[in-house]
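This document opens with one chain alone, in structure tokens, the form predicted on its own.
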Amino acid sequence: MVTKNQIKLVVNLKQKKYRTQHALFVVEGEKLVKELLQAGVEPLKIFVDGTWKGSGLGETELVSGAILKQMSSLKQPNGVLGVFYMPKPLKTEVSDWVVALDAVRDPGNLGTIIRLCDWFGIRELVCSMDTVDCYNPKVLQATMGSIARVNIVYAPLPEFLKNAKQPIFGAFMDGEPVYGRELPAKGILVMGNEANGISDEVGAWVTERISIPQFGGETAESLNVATATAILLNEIRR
């Protein structure tokens, strides 16, 4: 039977400081939980309520719908909630393309970018220390399970770029149009903050400034960072 301390722990894990303290995070939904299990991420506990009739989650603990709702970050819990140990990040290998994020703050954007990395076969994602936490519940939902297949490292971005031996491409409004460019077999793609783009401190290490040409009217000031990442990754893999 679930204890008050277990409920309190899951509720506390909605906050980054407790996720960091316990090295635990929460995912919700059968698909997300199965993706993590299949990727070998170690579970602490998997809770299900009476609405869940599936299989393949291993050992589960049955709780009431009211308890699951208390633990959930969703308005309408979907019957499965897993508490997992955070995998230890691997050392970043620049044997292919790497995506680097400079202060991306929106959870939906980060989650979508993680999903895009998975789709385009980008296994390494480096985030600045002020990028939103990849274990934020909204980020996890947006990844649709892709977080299990992308190595995510948080690091001081200027230091990471300073030590890079590959060309560093940064997305700028005034950069050279990416269409028609011959892109190398490996490199680093830097994407900036939603409001301010790439900071001067990070931009100082960019060796190639690229942009996505605008064909419509000038009423659209810029592209969403996740949308821009999708277009650029498509060009990299094309």
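Predicted model, so just to flag it, every value in this text is computed and none were measured. In this text, the rigid core denotes the largest set of C-alpha atoms whose superposition between the two forms falls within 1.5 Å. All residue numbers refer to positions in the sequence shown, first residue = 1.
If you look for the form predicted together with another copy of the chain, you will not find it shown, but the lines that follow are about it.
K.L.:
Given the stretches 125 to 133, 81 to 89, 151 to 159, 111 to 119, which is the single one in contact with another copy of the chain in the predicted bound form, using a heavy atom cutoff of 4.5 Å?
P.N.:
One stretch meets the cut-off, namely 111 to 119.
K.L.:
Select from the listed residues G50, G40, P213, G58 the one whose heavy atoms reach within 4.5 Å of another copy of the chain in the predicted bound form.
P.N.:
By the 4.5 Å criterion, the partner-contacting residue is P213.
K.L.:
Can all three of A103, I168 and E182 be found with a heavy atom no more than 4.5 Å from another copy of the chain in the predicted bound form?
P.N.:
Result no, not one residue of the spot touches another copy of the chain.
K.L.:
Should E35 be classed as touching another copy of the chain in the predicted bound form when contacts are defined as heavy atoms within 4.5 Å?
P.N.:
Contact with another copy of the chain, yes.
K.L.:
Answer with yes or no whether K8 is in contact with another copy of the chain in the predicted bound form, where contact means some heavy atom within 4.5 Å.
P.N.:
Although another copy of the chain is absent here, K8 would stay clear of it in the predicted bound form, with no heavy atoms inside 4.5 Å.
K.L.:
Closest heavy atom of A23 to another copy of the chain in the predicted bound form, within 4.5 Å or not?
P.N.:
A23: no contact with another copy of the chain in the predicted bound form.
K.L.:
Using the partner position in the predicted bound form, report whether K4 sits within 4.5 Å of another copy of the chain, counting heavy atoms only.
P.N.:
Contact check for K4: no, nothing within 4.5 Å of another copy of the chain in the predicted bound form.
K.L.:
Output the sequence-ordered list of residues from 60 to 80 with at least one heavy atom within 4.5 Å of another copy of the chain in the predicted bound form.
P.N.:
If the 4.5 Å heavy-atom criterion is applied to another copy of the chain in the predicted bound form, 60 to 80 yields only K75.
K.L.:
Compare the position of the CA of K75 between this form and the one not shown after a rigid core fit and state whether the shift reaches 2 Å.
P.N.:
Where the cores coincide, K75 still shows a C-alpha shift between this form and the one not shown that is 2 Å or more.
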